[in-house]
Structure formats: structure tokens, C-alpha cells
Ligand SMILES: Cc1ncc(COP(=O)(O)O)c(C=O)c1O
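Here we start with a single chain on its own, the form predicted on its own, put down as C-alpha cells.
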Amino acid sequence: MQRRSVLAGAVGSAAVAAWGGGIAAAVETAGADTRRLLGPDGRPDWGAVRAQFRLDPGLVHLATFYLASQPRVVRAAVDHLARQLDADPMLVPTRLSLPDGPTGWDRVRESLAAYLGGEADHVALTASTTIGLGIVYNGVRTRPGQEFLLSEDDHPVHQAAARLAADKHGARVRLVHSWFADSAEATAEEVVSAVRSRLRPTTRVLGITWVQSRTGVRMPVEAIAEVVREANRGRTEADRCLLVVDGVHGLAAVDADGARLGADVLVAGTHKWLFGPRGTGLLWVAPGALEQLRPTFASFIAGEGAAPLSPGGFLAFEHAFALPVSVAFHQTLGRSRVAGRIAELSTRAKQELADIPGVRVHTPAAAGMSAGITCFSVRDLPGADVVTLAAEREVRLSSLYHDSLGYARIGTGVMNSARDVDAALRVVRDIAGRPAR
């Protein structure tokens, strides 16, 4: 999708004006602001990018990957679609329009496929990563005695999706403790060796996480995919191991085509790093894996390929059909520049955290083994306590509330600056310097 297709077309549209001066003005302003995101040299103006977000300026926001704030241009698109629905609900699902033209399931799938580097027929739409994982594991054709292989570092909802499906279909879940001995020192070679040694002839699904929310480790998906391909040589389709990737913290944070990682299935919410409207997500299914997945729900999306995997039902259509604007926002900035900015800030955080007495960084320093999440611990404090103490100083960090490891996390996005990271580091330094209780 060209930059002009959604963003530049947001100005002066007769379709926008038809819905009233207020919404027309909002979309026009959003479009003008978006065109100013790039400086004279064609590179992003990160200050202008930050201005797109309606974040409280009194807080330091380093947890926006949890549930992302939306750029102004995305909010305007959602409002634009909502105005149409409120005026004539029967426009759903075929006659809703963005300022530059019609939108709907086909356009959403095409825009996401272009971002993933794949084909629209291989994209299904969901409301979240959790729902997507449930669709995949419940849909995999299995036989009694086959297994789903995951690690304890995968998110609990990933593990739960596998367990719920295994209980229904006579399979079982095997959890390894981890794919590495120490997350901070994890290497691609170590991970690949661990995966190779643990695959069995009965492994029907290998579930991994592109960027782990628990440790910040970025798994070497392409290399793991090669291991899975080796293991599948000589297997029948019914016995083939499928590589299922929870990609929610890699999508739009890592400069890579999700459809070209070598996975059989990539699952991701689009309301995090991609800044999509809330309640949106995707499945990408490799052509060779489509026959191995059965739909779980009746679908409202017509088409071949992965379309039938999309759950049907009425939903927030103004959110789902605004997704092309989120994709175009990222394409305007450039995926490599977005990933570079995220890496620049997370590297700053990792390096400075490592120099604070009493602080241990649990995310690899190597750029190829990490992305936008930096996990760390402060003395013997639970991560939740670090988050609470930082919040008292107006710094928003995060932790996994259900995680016994208890790491605190800094998440660096394109709305952040070096000043944000430095403010968080000052607070962490103060917390680490407090007398132990």
C-alpha cells in the first residue's frame, strides 16, 4: 500500500465532509499531521510521531506494548467509520468507507498481508492473540498420542490454549522448562540445539514465542523453522510437526516479514506494536498448513484459504475496518526505521540498567536476540513492587502479574525518547539504592 493511499488521501475528501464538519476536520488534521511525520531528509521526526499519541504528558510511558495508545490518524479513522455506522447501521459489512475509499474484510486482509510479506488468502482475522491461539490449537488435526510442545517461558494463555485443545482431542502438552539456561546469555545456537533435541516423532505442534514477554528473548524463528523442516522429512501430513509462533511482540517491532519466517502459523494481536484499533488481531497460515487446521467458529468472511478460520459475529466494525490506516502509518515511517528506533532505545535501557548496582538484566544484550522488551530485576523485589514504586514517581513500567519470576519490564516504542528511558533509569537507580526491607 502506498503512503498516499490512506494517509495522504485523508485531506479534502468529499466522503469525509458528508459526515459532518467535526469528523471531517478531525480526519483532515490527522492526515496533515501524518504527512509531517517525515523530516526534509525523509527520515521520521520522532517528536512529530510522539505528538500523534494522546498520552498523558505528566507520565513516562514505557509499558505501551501492553495495550497501545493509538495514533491520531487511527483514532480519526475509527471515528469516521463509527459516524457512518451510527447514521446507517445497514452499511455493514460491505459499504463502509475510509476517507480514500471503501474498506472491509478484503481490504483489511490485503493490507495486513502486504505488511507481513504474504498473500491475503493466507490471513485470517481475530480479536486478539489469545483468541487466535485458541483457534489454532483447537483446529489442528491431531490423533491420540500426539503432543503439543511448548516451554514455560511461553505466555500462560499460549499454554492454556494448547492444554484446552489437547484435553478435547486426546493429545497432550509437554512443557520444557526453557530453551536456554540463562535468558540474559541466550544464543541462537543454544536455542536451536535445545529445540532439535526435544522434538519427537509424536510432536504435532511446536509452539514458540517470537519475542517473549516473560524474558524479552527474541527467538530465532527462521533457524527453528529449519530444524522443524528437518524433523518433518519422511513424515506423513498427519504426523507433520507444525511450527506455531506467538508473534505479538515481534510484529511491527522487528524488521522481518512475518510470512517469511518459515513458521506454519503466525498469531498476533494488532493492537500492540502495530497500533491497530483495540480488539483486532490476525492469523497468518502457510499454504502447506491450511489443510491441517479446521475452523472453530462460523465465519462472516467469504473466501478461500485462511478466511474460514476467522470467527464470525458482530463486533466493533469501526475498529476492524480501520486497520489499514494503522498499517499505512507504519509504512509511512518505514518498518526498518521503526525497528531501529525501538532497538536504539532498548539498547540504551539494557546498557544503563546493567551498570546499576543491585539490578540484573534478564534480556540478551545482543540485538539479534532481543527487541522492544527489556526485563530486569532489582535486588529481591518482586517485579510488581518495582512497577508500583516507579508508578509513584510517574513512570509506567510493567510486569507479568502471574509470573513467579517477577521481572519488571521496560518497553520502548516509537512514541518514546531517550529522555523517557533516562527518567526510568533514574527511578530504578533510586529503587535499587533503597535499604533492603
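Not measured: the values here are computed from a predicted model. The first residue of the shown sequence is 1; numbering continues from there.
As for the form predicted in complex with this ligand, it is not shown, yet the points below apply to it.
Participant: Any chance V136 has a heavy atom within 4.5 Å of this ligand in the predicted complex?
Facilitator: Contact with this ligand, no.
Participant: Taking heavy atoms and a 4.5 Å cut-off, does V157 contact this ligand in the predicted complex?
Facilitator: Yes, V157 sits close enough to this ligand in the predicted complex that at least one of its heavy atoms falls within 4.5 Å.
Participant: Within 4.5 Å, heavy atoms only: does S310 come near this ligand in the predicted complex?
Facilitator: Output for S310 is no: heavy atoms all beyond 4.5 Å of this ligand.
Participant: Taking heavy atoms and a 4.5 Å cut-off, does H249 contact this ligand in the predicted complex?
Facilitator: It does: once this ligand is placed as it appears in the predicted complex, H249 has a heavy atom within 4.5 Å of it.
Participant: 349 to 357, 265 to 273, 80 to 88, 331 to 339: which one contacts this ligand in the predicted complex at 4.5 Å, heavy atom to heavy atom?
Facilitator: Every other range fails; the passing one is 265 to 273.
Participant: Heavy atom within 4.5 Å of this ligand in the predicted complex: which of S299, S178, S128, S97?
Facilitator: Flagged contact: S128.
Participant: Looking at S213, T203, S111, Q292, which is the one with a non-hydrogen atom within 4.5 Å of this ligand in the predicted complex?
Facilitator: Comparing distances to this ligand in the predicted complex, the residue within 4.5 Å is S213.
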